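Have a look below at one chain only, the form predicted on its own, in structure tokens format.
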């Protein structure tokens, strides 16, 4: 059960940059090196975020089994996540939240289509903020036409840069596989070509050489319509990246349990100038790491 839960976690290009070892009441999540991510993830930010998402699934699964998890993190180089040692301690009845999120693990998918017109409610947004578990300065909902327009301009810029980057596109081509898929692919199989976004926010979330670059004004209208949450941290350390991954997955599972659709964008934020621009445009107190897009299926 623990292995299945961890394997179902989202990861950069579905690369699963971790290894799980289980011995009795102890599970160890180790970082794993992944080749052919130098262009997409030169600083290892997305790999660390992926590691954090897998850790969240592991902790949810341990609680579902009726045990309290105790986490120890080993010392590690600054450039990679620390191995997480999870010990299943005393028995404890899973909470309703634990059970909801555990059931959502296998149902979680990246929704890359346009959302329905019915917006996410304020109450639902509050629930997602609580689920993420970050401080108030580490989460920001993009609100109003001004913020939407400014972020749209930056996203359009990032899309043009990545679209024209031959080395980046060569690496991305390695990860795109031709297979029938409507959601996430088999773990470790890469990105199914049919699952790529074609227009609007899903398109700028992962730009290929065939992506039609978005119209800035239409992109701004979609950002204003959708509920887009930006996750950031005060510093840009690997520890922060893992923590953002844990928060991202907790919010994603809560959204899935509540009937909301979700997609995540990190690709544009690989560009340093994009991170700086979004920080200034939204008045963030830290470094942005991910856009979480919430809505209802059309």
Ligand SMILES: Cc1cc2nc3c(=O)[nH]c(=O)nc-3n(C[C@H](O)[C@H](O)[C@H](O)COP(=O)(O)O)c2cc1C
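Residue numbers count along the first chain shown, from 1. Just so you know, these numbers come straight off a predicted model, no measurement behind them.
Only in words, not in the display: the form predicted in complex with the ligand, which the text now covers.
Could you confirm whether residue 108 comes within 4.5 Å of the ligand in the model of the complex, counting heavy atoms only? Contact check for residue 108: yes, within 4.5 Å of the ligand in the model of the complex.
4.5 angstroms heavy atom contact with the ligand in the model of the complex for residue 112: Because a heavy atom of residue 112 falls inside 4.5 Å of the ligand in the model of the complex, the answer is yes.
So, residue 152 and the ligand: in the model of the complex, are they within 4.5 Å at any heavy atom pair? Looking in the model of the complex, residue contacts with the ligand do not include residue 152, since no heavy atom lies within 4.5 Å.
Considering only heavy atoms, tell me if residue 265 and the ligand come within 4.5 Å of each other in the model of the complex. The answer is yes: residue 265 has a heavy atom within 4.5 Å of the ligand.
Which one, 72-80, 118-126, 92-100, 202-210, holds residues whose non-hydrogen atoms are within 4.5 Å of the ligand in the model of the complex? Of the options, only 202-210 has residues within 4.5 Å of the partner.
Taking 13, 49 and 191 as a possible spot, do all three reach the ligand in the model of the complex with a heavy atom inside 4.5 Å? Every listed residue reaches the ligand in the model of the complex, so yes.
Heavy atom within 4.5 Å of the ligand in the model of the complex - qualifying residues of 234-252: Counting only heavy atoms within 4.5 Å of the ligand in the model of the complex, the single contacting residue of 234-252 is 252.
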